[in-house]
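Before any questions on binding or motion, here is one chain by itself as structure tokens, the form predicted on its own.
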Amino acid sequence: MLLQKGQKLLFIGDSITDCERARPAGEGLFGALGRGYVSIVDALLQAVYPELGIRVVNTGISGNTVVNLEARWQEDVLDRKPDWLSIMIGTNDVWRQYDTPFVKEWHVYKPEYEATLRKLVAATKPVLSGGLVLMTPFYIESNENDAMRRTMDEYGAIVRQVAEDSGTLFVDTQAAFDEVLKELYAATLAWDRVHPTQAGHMLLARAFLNKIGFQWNR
């Protein structure tokens, strides 16, 4: 596995990462990491790799876009000095274009999304002793011609390109959901097609852990 003994792993993103985590930082006891994929990753790392003592921190904030991440990057990422960083952002950047189409200042269009994400990656990757993982935003909708699904795929393609250009690890969360959507109706995994059930969060955790070389049968 890529994580090394005593390293700090920080997750940042929107509500899908937040999941009612503690403030100011999601870390510690009594559900401090929230109830989503971050807490599942932490639990599995503790259960399967207890000797590594990986420190997991959650700084996701509900409603955030990549612009919001940039505004709090120094305090919520750089000042916490993680060894590993996982970024999953873009859902609200896209969603606001569809659920509040007339409030243009809430929208983050592709050029700004890409430029901001590239800026954050460029500023952070050199100071990480471990590595950086870029996870795509997703929309739990099997119809690829759905308007919001189509746009979300375009933002996911941006994440893929940024990961390739910067040499960072890449997790295609949409592909992970699409595989299960061959068998299950979208509402089974997310009633609003955005906020996953526990099964959906398990899919996210599994996709992340697979990318960092987690050995499930260890």
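Since the model is a prediction, treat every value here as computed from it, not as a measurement. Residue indices: 1-based, along the sequence shown.
Note that the form predicted in complex with another copy of the chain isn't included here; everything after this is about it.
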* Which of 115-123, 69-77, 142-150, 129-137 sits within 4.5 Å of another copy of the chain in the predicted complex, heavy atom basis -> 142-150
* Might Lys104 be said to contact another copy of the chain in the predicted complex, defining contact as any heavy atom within 4.5 Å? -> yes
* To do: Report yes if any heavy atom of Tyr98 sits within 4.5 Å of a heavy atom of another copy of the chain in the predicted complex; otherwise report no.
  => yes
* Any non-hydrogen atom of Val48 within 4.5 angstroms of another copy of the chain in the predicted complex -> yes
* Counting only non-hydrogen atoms and a 4.5 angstroms cut-off, does Ala175 reach another copy of the chain in the predicted complex? -> no
* Asked: If you check in the predicted complex, do Glu27, Asp192 and Ala199 all have a non-hydrogen atom within 4.5 Å of another copy of the chain?
  -> yes
* **Partner contacts for 30-67, taking another copy of the chain in the predicted complex and a 4.5 Å heavy atom cut-off** => Phe30, Arg35, Ser39, Ile40, Ala43, Leu44, Gln46, Ala47, Val48, Pro50, Glu51, Gly53, Ile54, Arg55
